[in-house]
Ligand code: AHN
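A single chain comes next, written as structure tokens; it is the form predicted on its own.
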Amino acid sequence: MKYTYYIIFILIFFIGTGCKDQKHPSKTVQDSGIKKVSIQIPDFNEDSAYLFVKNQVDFGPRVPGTRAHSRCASYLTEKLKSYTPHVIVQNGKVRTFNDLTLNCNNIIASFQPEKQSRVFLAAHWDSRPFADHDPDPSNHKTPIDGANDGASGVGVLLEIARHLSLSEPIIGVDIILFDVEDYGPPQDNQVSEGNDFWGLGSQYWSRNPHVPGYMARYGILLDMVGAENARFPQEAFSKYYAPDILKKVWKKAHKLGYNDYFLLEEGSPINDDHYYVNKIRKIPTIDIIHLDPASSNGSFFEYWHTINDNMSVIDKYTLNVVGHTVMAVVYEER
């Protein structure tokens, strides 16, 4: 993800009076003035999400074309199949910046696929083949663990998938794990026309959705959502393409008390997976991504694209902040 560019309709949830957001609140809504529907927001389990992150990292760097990548794909596919029978591994071919042809495996799990009213949640599951932002130049060709950059978002989504299998929300939900997101050109090989060599899996899916003509009300992408004291400003492409969804999610996070994480300030535009979904598939999609202008490592979190992006940077509470927020948004949709 990762190349920065520099370039209202607000959906308000009407909930029963006296109901306030809590760790796992129960909501009562009126259906056509006749039927009352009770919505229970599950309690996100940060320990479970952390384990899902660790299980991915334990395979080693998940670089496309490696054994670790193949083994992790099997793990993610089987884990999602334990939560829903509706799992697709979308295989495709993509071309990299250095003219390699790689197999791309987007892993997609659908919950209540019969429902036309849907949202999708996404993250990328591959990891970067180069630690090209490591302070030690001798590490620049070393693959990274990608604990935060990739595995954290997937870990949160696996925990959400577990809850979706136990308690169905009103709408349908698709979880999309994009592949070959982080195979862009190394820092010393950047070229102006090379931006579209990032997010190759999301580009492929956006042009070839797993369901012909697939559409969703909106999408939420999670990227680098596991570091301690993470800060999520309002990424600029999200604000441009999906301002109402951005406001919905940030408003919910603030109601839940996560003001110090979900910041009301604009972040840089990031060439992440959501950019291609917005541009090609035309589904309004936001990116919850850790951006830090004070970092010594560009505008991303301190250990972005270094060998230190390992399990030592993962914080359970941050996983909870993001998972709790996203689940509350999804389960309150109707």
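We number the residues from 1 along the sequence you see. Model, not experiment: these values are computed from the prediction.
The next section is about a form of this same protein that is not shown, the form predicted in complex with the ligand.
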**Message:** Please tell me which of 308, 271, 66, 45 lies within 4.5 Å of the ligand in the predicted bound form, judged by heavy atoms.
**Reply:** 271
**Asked** If you check in the predicted bound form, is residue 224 within 4.5 Å of the ligand, heavy atoms only?
**Response** yes
**Message:** Test of understanding: in the predicted bound form, would residue 198 fall inside 4.5 Å of the ligand by heavy atoms?
**Reply:** yes
**Message:** Please tell me whether any heavy atom belonging to residue 275 falls inside 4.5 Å of a heavy atom of the ligand, as the geometry stands in the predicted bound form.
**Reply:** no
**Close approach of residue 300 to the ligand in the predicted bound form, 4.5 Å, heavy atom** = yes
**Prompt:** So which of 113 to 121, 216 to 224, 250 to 258, 82 to 90 is the stretch with heavy atoms within 4.5 Å of the ligand in the predicted bound form?
**Reply:** 216 to 224
**Any residue of 69 to 99 that, in the predicted bound form, places a heavy atom within 4.5 Å of the ligand** = none
